[in-house]
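One chain is shown next in structure tokens, namely the form predicted alone.
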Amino acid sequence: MSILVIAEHDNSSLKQATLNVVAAAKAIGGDIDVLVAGENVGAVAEAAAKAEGVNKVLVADNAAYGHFLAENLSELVAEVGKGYSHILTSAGTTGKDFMPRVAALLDVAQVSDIIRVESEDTFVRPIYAGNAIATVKANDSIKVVTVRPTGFDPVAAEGGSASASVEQLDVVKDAGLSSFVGEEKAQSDRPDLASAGIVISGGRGMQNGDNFKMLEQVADLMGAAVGASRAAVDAGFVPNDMQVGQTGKIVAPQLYVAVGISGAIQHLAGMSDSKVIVAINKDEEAPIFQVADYGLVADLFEAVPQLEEELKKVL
């Protein structure tokens, strides 16, 4: 068997989610190649070559892939992936965008969001917002699979022999169907939400965006990332890149603190795998308390400042 892992990166650094996907590939078994597609991605390719279990790194360095346009990226992956038994990538925003197109181009079914590998053709994935777990068998000759990063422990970033060969590809796929216009990125010195060890999130109970400053102050003391529920994002309190949930980012930190979050299924699907969950809500009947390891029934506008003061004493 031969497996092609599509690296997730920002053109300068390799995202940890790629290491989780490589772990899933190792569970399948076989030679693992990593495709790095982007612009000026030499550093990303070097990092991928060092990862544990990687056999070869394929590099497609071209402006056509610099902004990860799905129309271009999917054609590249479909072309390169024809010679592999499996094509894997992270079930993140980019993966969800281009991988269904890859499956369509190869005329195969996609297996989405897997959390466990049973065998080379059988995978386990959550359905109905995680309320049920399905075991699915893929009969296609090429398995196109997206991986939920939180379902697999990442391989060591430096665990490889650092001698994986790096091969430059001349394949350039520009579908001419879309073009990059611009982007607005939220700048933050806090850890990345998807990979942070501690996450503190706010919900509709925060009442407005200004009140999220309370959470940011606590997060800075704890070295945490700040997230939000879909209700808070839909209300315009914070940007949508902070959303945790089924339609946002899937997180599984060591500690997850839910503040003013009721605990709708959509949100629980994105954070229920957290190692320790702490909930602060004034509604003692809130569903969030059913999954919380520790719950505090209190007014968040009193509890959060008290938490900040206690943290200042010990940190």
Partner chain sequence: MKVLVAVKRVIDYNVKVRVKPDNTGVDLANVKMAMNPFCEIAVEEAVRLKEKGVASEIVVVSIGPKAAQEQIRTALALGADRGIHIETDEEVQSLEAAKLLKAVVEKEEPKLVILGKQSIDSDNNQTGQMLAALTGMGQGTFASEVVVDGDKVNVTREVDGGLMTVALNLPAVVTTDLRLNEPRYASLPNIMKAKKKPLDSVSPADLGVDVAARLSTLKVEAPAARQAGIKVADVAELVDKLKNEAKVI
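Numbering follows the first chain given and starts at 1. Fair warning: this is a prediction, and the values are worked out from it, not measured in the lab.
Form predicted together with the partner chain: not shown, discussed below.
Which single stretch, out of 166-174, 78-86, 210-218, 135-143, brings residue heavy atoms within 4.5 Å of the partner chain in the predicted complex?
After filtering at 4.5 Å, what remains is 135-143.
Can you check whether Q243 is within 4.5 Å of the partner chain in the predicted complex, heavy atom basis?
Within the cut-off, so yes.
Look up in the predicted complex whether A27 has a non-hydrogen atom within 4.5 angstroms of the partner chain, and give yes or no.
Result no; A27 lies far from the partner chain in the predicted complex.
Would Q306 show up as a contact with the partner chain in the predicted complex if we use heavy atoms at 4.5 Å?
Output for Q306 is yes: heavy atoms within 4.5 Å of the partner chain.
So in the predicted complex, does any heavy atom of L14 sit within 4.5 Å of the partner chain?
Although the partner chain is absent here, L14 would stay clear of it in the predicted complex, with no heavy atoms inside 4.5 Å.
Out of A196, V117, V233, V226, which one falls within 4.5 Å of the partner chain in the predicted complex, going by heavy atoms?
Selected residue: V233.
Hey, which residues along 281-308 are within 4.5 angstroms of the partner chain in the predicted complex, non-hydrogen atoms only?
E284, F289, Q290, V291, A292, D293, Y294, G295, L296, V297, A303, Q306, L307, in sequence order.
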